[in-house]
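Have a look below at one chain only, the form predicted on its own, in structure tokens format.
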């Protein structure tokens, strides 16, 4: 219970941000960072156990387009469409993960399969242009002012609270997984699948479980991002670019720490905006190029990311405090 107090305090403090009346541009960046952090948290749930995915954009796209199509063609409120989209993303995760885990597709082969899955979703969205708008994208129908809440079409302040709640759900899922036996089982599987199986661990079940959680969180981020932007595009919600952005953010921030993907999201959004302001349209693909270069540098020199660096610097100070607290003062001679 005590471990939830810092999360509750952080959420309560961040919930007050709109009350400070920040500029709309700042609110936009913060909302985008929270949703990117949620997707990164979902990716890191798999990545820290050796299940490296280069296709998480597929889960974002499946959820986002499911939600938008249900709203545009059937009038189903995003309050219902978003959960359905999350279930669809989890279903896509099961469809991808189960055969891979049963056939023991691991390592870089698994990464390549996920990469292909992301491209399949992007191509499918493009091919179904009559419904999805193809490469031109699609826009969810605008609701009348009196139905804005039912259509989840809020102001930036309202969407900040929605994004904040979703971000908190991601961190809570991380904590619950860490406190479960599945976490220990996944560590054992990452070390040696055969040894883990020999002691009774259900390898396929445990890997599929964490894949479903990861896909669901990524799907939640995708659906909310589409609803916030009120625009869907296969390149920004299903392609390789968004998948690389998620991977870079999680690794740069630190995929072994619950707060690492959030740190990475702030770096990612800051980098993306800096490149947009600095180069505009003169350097097409600048963001993807930068993600690739920085990803290699982080993997070589900071494999545990910024959060890992901060934790490493805090350990000597914590040990010093523990040593000082445990020191027994010398006995005084009798007077």
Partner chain sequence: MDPFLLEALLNGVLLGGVFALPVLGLNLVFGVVDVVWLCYAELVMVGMYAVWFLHVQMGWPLALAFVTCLPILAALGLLLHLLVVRPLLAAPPINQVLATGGVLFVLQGAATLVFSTDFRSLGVEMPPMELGEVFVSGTKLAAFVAALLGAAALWAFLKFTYVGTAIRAIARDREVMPLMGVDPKRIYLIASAVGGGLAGLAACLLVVQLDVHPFVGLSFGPITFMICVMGGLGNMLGGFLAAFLMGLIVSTGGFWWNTEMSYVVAFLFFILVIFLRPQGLFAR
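Keep in mind it's a predicted model, so treat the numbers as computed, not measured. Numbering follows the first chain given and starts at 1.
Another form exists, predicted in complex with its partner chain; not displayed. Remarks below refer to it.
Residue stretch of 120-128, 201-209, 68-76, 171-179 approaching its partner chain in the predicted complex, non-hydrogen atom distance within 4.5 Å: It is the stretch 120-128.
All of 82, 84 and 268 with a heavy atom within 4.5 Å of its partner chain in the predicted complex: The answer is no: none of the three residues contacts the partner (heavy atom, 4.5 Å cut-off).
Option touching its partner chain, based on a heavy atom within 4.5 Å in the predicted complex, out of 96, 163, 186, 216: Looking at 96, 163, 186, 216 one by one, just 96 meets the 4.5 Å heavy-atom criterion.
Heavy atom within 4.5 Å of its partner chain in the predicted complex - residue from 88, 152, 232, 251: In short, 251.
Its partner chain contact at residue 100 in the predicted complex, heavy atom, 4.5 Å: Residue 100 belongs to the contact set for its partner chain.
Proximity of residue 52 to its partner chain in the predicted complex, heavy atoms at 4.5 Å: So residue 52 counts as contacting its partner chain.
Residue 299: touches its partner chain in the predicted complex, heavy atom cutoff 4.5 angstroms: It does: once its partner chain is placed as it appears in the predicted complex, residue 299 has a heavy atom within 4.5 Å of it.
Partner proximity in the predicted complex: residue 143 to its partner chain, non-hydrogen atom cutoff 4.5 Å: No - in the predicted complex, heavy atoms of residue 143 and its partner chain never come within 4.5 Å of each other.
Partner contacts in the predicted complex for 195-215 (non-hydrogen atom within 4.5 angstroms of its partner chain): Nothing in this stretch is in contact.
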